[in-house]
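The chain below stands alone and is given in C-alpha cells; this is the form predicted on its own.
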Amino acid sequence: MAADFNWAVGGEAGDGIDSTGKIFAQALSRAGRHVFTSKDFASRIRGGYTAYKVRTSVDKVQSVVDRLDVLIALTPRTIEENLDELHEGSVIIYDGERTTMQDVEIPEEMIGLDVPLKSLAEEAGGAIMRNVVALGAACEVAEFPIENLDSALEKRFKDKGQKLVDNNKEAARAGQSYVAEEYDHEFDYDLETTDEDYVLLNGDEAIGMGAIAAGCRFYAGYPITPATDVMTYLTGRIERYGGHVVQAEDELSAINMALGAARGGARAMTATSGPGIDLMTETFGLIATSETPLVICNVMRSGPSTGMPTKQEQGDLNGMLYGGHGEVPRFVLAPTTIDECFWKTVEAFNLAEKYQLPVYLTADLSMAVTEQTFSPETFDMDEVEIERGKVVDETTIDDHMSDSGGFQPHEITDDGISPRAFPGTADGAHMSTGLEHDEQGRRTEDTEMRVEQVDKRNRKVETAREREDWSPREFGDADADTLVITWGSNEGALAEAVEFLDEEGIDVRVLSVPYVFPRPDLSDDVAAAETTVVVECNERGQFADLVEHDVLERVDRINKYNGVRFKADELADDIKATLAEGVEA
C-alpha cells in the first residue's frame, strides 16, 4: 500500500467541524485519492469535544489507524484528546490569538504552526471562514494542490452565491500563504493526485440510494441519531421518482405509515435506531402476521435506553432476532461495507416481497457516518434487479380463490408463500388482520387452522434457506489455522488488520457475515480451524453466541464496547494477543 496521510480537525460542537472535514474529504476525493473518514462527536448542539478525521491514500483505505500526521486544533482539548495518535513530526495548526489557545503547549517532538486563523478570515471577508483558512494552511503543509480545495468549496457554497465562493477561496489562500511565508520548514508530506473519479458517500446515504434504486416509493421516519441521514438523503430525491417522504410524530407512527403504504402495494421503508426499534416492536408482529413486506432499517448506536447516541455499538442483535411477542418470522441483513449498504438495501426489498415478511436491514453508527470513496461503477444501476414475488393479476387470480369465491391472501402453500394481490386487482378484494385468520384473512380460533397458518408463515424462512445464497464473504489465507469471524462494519478494519498480521508472518482466514438470519452454516469452517475468534462491538458477544449455538464449539472473542470503532492496527494487536493467550493456555 502506498503511504497514507492522516488528518483531523477538532474543536467544540458548533465550531463547524463536520462541514470543514467534509470539504477536505471532498477535495481529496476530487483529486483522485481514496478517502476514509471517522467522526467523534457529542450528542449536543453546542459544546463538547468533536472531531473529524480523514485517512487518505492513492490506494484503497478501509479503516482508521492510531496515527495523525496533521491536526487542526481549535481548542486545547483537541490536542489532549489526540496525543496518543500524534507522533514525532506531526504538525499541529492552531490560532495562538484565540484566548483559549494563547498558552497552548506543543510537545517538543511535534511541529506547531501558530496561524492567525480568525484575523486572516476577517481580512478575506468574515471570521466564520477561519476553518477554511486552516484548510489552506493544511494544503501547504501536505503539498496538496489548493485548486482541489477550490473545487470542493465551489460545491459546498455555490448555491449561496459566487461572492461567498470567492471569499472562501481567498481565505484558503491566505492560510496557505501564511504558512509558506512565515515557516521555513520542509514538511514530510507530498499528497499525490490522480485522474481517478470517485464517489464519496456514507452508509446512510448508500442505504437511501439503494432504496431509490430498489423502487422504494414511500418512506416514513422520525429523526434519531444516527439514522436521520437516511431520511435526509431521500428527501428531495425520492420525489423525482414519484415517491414520498413523511416525517412522522414518533417511531410508532412511522412504522404504521410504512405498513399502510406497503399494504397499498408500494415498496415502503422506515429507518431508526435502538430506542425507535423498541417502539416499533408493537407493529412488527402485525407486519409478520398480515404477511406484509416491509424493510425496517436499524442503525445501531450505544444503548440501552438513550445510551450514548453518537457512539458506536452492535448491541441490538438479539433484539432484532428475538424481539416481539410470539414467534415472528423475519430476516436480518447486516451490510459489512458502505457500498454493500446499497446492494443489501436492494436485496432487503426483494426478500421482503418474495417472502412477504419484515426484513431488518441493520447498520451501525460507524458505518452510517463514515464517508468513503468508491468508483462510480460500484453502484451500477443496470445490475439492480427488482423481484416483487408471487403477485397475481386478473389472469392468474382465479387459481387462488376459495370455494365460496373469495381471494385467499393467506393461502396454505407448500413453500409457505401465499399469492399477493395489489389494491385494484379484479376479484382481489380481501382483508388481513393481526388476529389469527384463515386463508381468506378472516379471524379464526380454529385450532387446526391456527397450526396451519403458523407453520405456513415459518415455512417461508425454510424456503428462503433453500432458495437464496446466504454465503459469507471470505478473505485472507484460505488455508490458515486461525479463523476470524465478524459481522457488520468491522470488515474494513479487519481486512487491513490481516495485512498488518501478514507482514508479521501471521496467517489468518476471515469470514465476514452479512446475513444474521437466516445465516450461513459455519460448522465445517470452525471445525477446520485450530482457533476461531469472533470480532464484534458489544460486551456479551452476541454473534459469538450464535456461532457457538450453531457449531456446538467454543470460540474466542474480541469485544469492544467503549463507544469507539475498531481500528486496523488495534485489531491486529488484539488478534495477536488472543492467539498468544491460547498458546499459553
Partner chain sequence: MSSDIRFTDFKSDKQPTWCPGCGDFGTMNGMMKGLAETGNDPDNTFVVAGIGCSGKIGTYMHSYALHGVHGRALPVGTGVKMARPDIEVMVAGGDGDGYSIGAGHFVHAVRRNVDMTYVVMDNRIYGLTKGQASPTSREDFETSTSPDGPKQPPVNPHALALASGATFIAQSFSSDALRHQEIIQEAIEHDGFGFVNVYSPCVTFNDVDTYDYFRDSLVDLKEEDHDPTDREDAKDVILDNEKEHQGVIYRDESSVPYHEQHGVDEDMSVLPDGAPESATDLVREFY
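As the structure is a prediction and not an experimental result, all values here were calculated from the model. Numbering follows the first chain given and starts at 1.
Separately, the form predicted together with the partner chain exists; it is not shown, and the next lines address it.
A single residue from the set K60, R67, R30, R540 has any heavy atom within 4.5 angstroms of the partner chain in the predicted complex; that residue is R30. The partner is absent here, but in the predicted complex a heavy atom of A213, alone among L321, A213, I128, V461, sits within 4.5 Å of the partner chain. Checking 173 to 181, 382 to 390, 102 to 110, 68 to 76 against the partner chain in the predicted complex, the stretch whose residues place heavy atoms within 4.5 Å of it is 382 to 390. Within 4.5 Å of some heavy atom of the partner chain in the predicted complex lies at least one heavy atom of F422. In the predicted complex, A495 stays away from the partner chain, with no heavy atom inside 4.5 Å. In the predicted complex, the partner chain sits within 4.5 Å of a heavy atom belonging to R443.
In the predicted complex, at least one heavy atom of N256 sits within 4.5 Å of the partner chain.
Taking a 4.5 Å heavy atom cutoff to the partner chain in the predicted complex, the contacting residues in 424 to 441 are G424, T425, A426, D427, G428, A429, H430, M431, S432, T433, G434, L435.
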